[in-house]
Every structure is written in C-alpha cells, then in structure tokens.
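A lone chain, given as structure tokens: the form predicted on its own.
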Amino acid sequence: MSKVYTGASMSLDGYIAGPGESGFEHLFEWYGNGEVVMPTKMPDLTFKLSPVSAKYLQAHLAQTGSLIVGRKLFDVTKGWGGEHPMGRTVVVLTHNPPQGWADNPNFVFVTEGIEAAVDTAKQIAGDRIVGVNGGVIARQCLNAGLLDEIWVDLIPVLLGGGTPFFDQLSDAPVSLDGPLSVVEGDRVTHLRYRVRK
C-alpha cells in the first residue's frame, strides 16, 4: 500500500502561515529564487527553482500519486481553477461537497472522515505515495496513526506566530526517525522524517 506523507514550507519557529494568514512571501521564496524553470498545471504559476530544489521537487512530484486537502484550502484556492498545480487527483475531506464539482475527475469529495479519505487517496495513488496538506488534515492523519513521513521545507525566517505545522496532537510527544534525507537548497533546507510507530 501507498505511504502517506505530509509536507510544508515551515518557518524556523514552526509555522506554515504567519499571523492572519501572512508570511507566504518568506515561506515560498524558494519557489522563485532560482534559474531552473518548472511549469505547473496552472498556466499563470511557474516555479523558478535552484538546481538543488528543482531536483528535489521533481523527485517529490514523481513519487506522489494523489493528494488530500481540507475544504478550507479547496475553497480558498477556488479548486485551483479545476486542476491542482501538481496535476494529481485531489481528495477533499469535507462535511458538505460543493455544488457543480461532481463531474470534475481531478477532485474526489469524501465525507466519511480521515480514514476514508486516506483509503480513497491510496486507491488513486496505486504504487505511488499520498501527500497530505499540512495543518488540520496532517494532524488528523497523525492522530489516527495514518501518517508515515513528515517532509519539511525549512525556511530561515521567524514568523513569531500563526498556523503551526502541528498542534493539538492527541498523543504528543510523537517521536520521529531520521532525518531520512537533508537537501540544502537556496534559502530552504528540505528535510524528511519517518513517524515512529
């Protein structure tokens, strides 16, 4: 079965968004500070990565077969205009599926909870891995014992508050093994850890 990972750009003080949903210009600077052009499925979104980060992200994309996000992110991005930038099928965990999306093959809406969302995403991913959005969805996966790895794109900035990568864990502390890999990019360090079970 597919492994399940979560990944996010995170500040040195542990936040994936600053106060009032701010700080993204710092957290995502590494997506635009290099010379390797990497298009996405969204015509108006192109990454310009350092060679090291480009190699890392391309390997990440090749391994990922499906994604899980919450309804909040789906709504904020307006469903990415109909297709996620990574070009992967997105499982959206929600209490109320939105109207008008039932025929879009890029999105699957699951209402039965995190276990059902992970099962659905694993079926879609096949022999590739499942990516879980950071924050609430990642916490739900970790609390349910469904998360295998945590990938951190560590950014050299202190945001001083905001949305933590993880909070309100039911079984803290959670021990991690690793790092499984450490990749030094430009203004980012890519880290991977295994969740100890």
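All figures in this text were calculated on a predicted structure; none of them were measured in a lab. So that there is no doubt, residue numbering starts at 1 and follows the sequence shown.
The protein also exists as the form predicted together with a further copy of the same chain; that form is not presented, and the subsequent description refers to it.
A.B. asks: Consider the chain as shown here, without its partner, and state which of Gly32, Gly145, Pro39, Gly160 has a heavy atom within 4.5 Å of a further copy of the same chain in the predicted complex.
C.D. replies: For this set of options, the contacting one is Gly160.
A.B. asks: Contact between Pro43 and a further copy of the same chain in the predicted complex at 4.5 Å, heavy atoms?
C.D. replies: No, Pro43 sits far enough from a further copy of the same chain in the predicted complex that none of its heavy atoms falls within 4.5 Å.
A.B. asks: In the predicted complex, is there a heavy atom of a further copy of the same chain that lies within 4.5 Å of any heavy atom of His26, even though the partner is absent here?
C.D. replies: Contact with a further copy of the same chain, yes.
A.B. asks: Check Ala62 for me: does it contact a further copy of the same chain in the predicted complex (non-hydrogen atoms, 4.5 angstroms)?
C.D. replies: The answer is no: Ala62 has no heavy atom within 4.5 Å of a further copy of the same chain.
A.B. asks: Does any heavy atom of Phe166 come within 4.5 Å of a heavy atom of a further copy of the same chain in the predicted complex?
C.D. replies: Yes, Phe166 lies within 4.5 Å of a further copy of the same chain in the predicted complex.
A.B. asks: Go through 148-156, 126-134, 65-73, 51-59 and give me the stretch that gets within 4.5 Å of a further copy of the same chain in the predicted complex, heavy atoms only.
C.D. replies: Heavy atoms within 4.5 Å of a further copy of the same chain in the predicted complex occur in 148-156.
A.B. asks: Where, within 173-192, is there a heavy atom within 4.5 Å of a further copy of the same chain in the predicted complex? Residue list please.
C.D. replies: Contacting residues: Pro173, Val174, Ser175, Leu176, Asp177, Gly178, Pro179, Val182, Glu184, Arg187, Thr189, Leu191.
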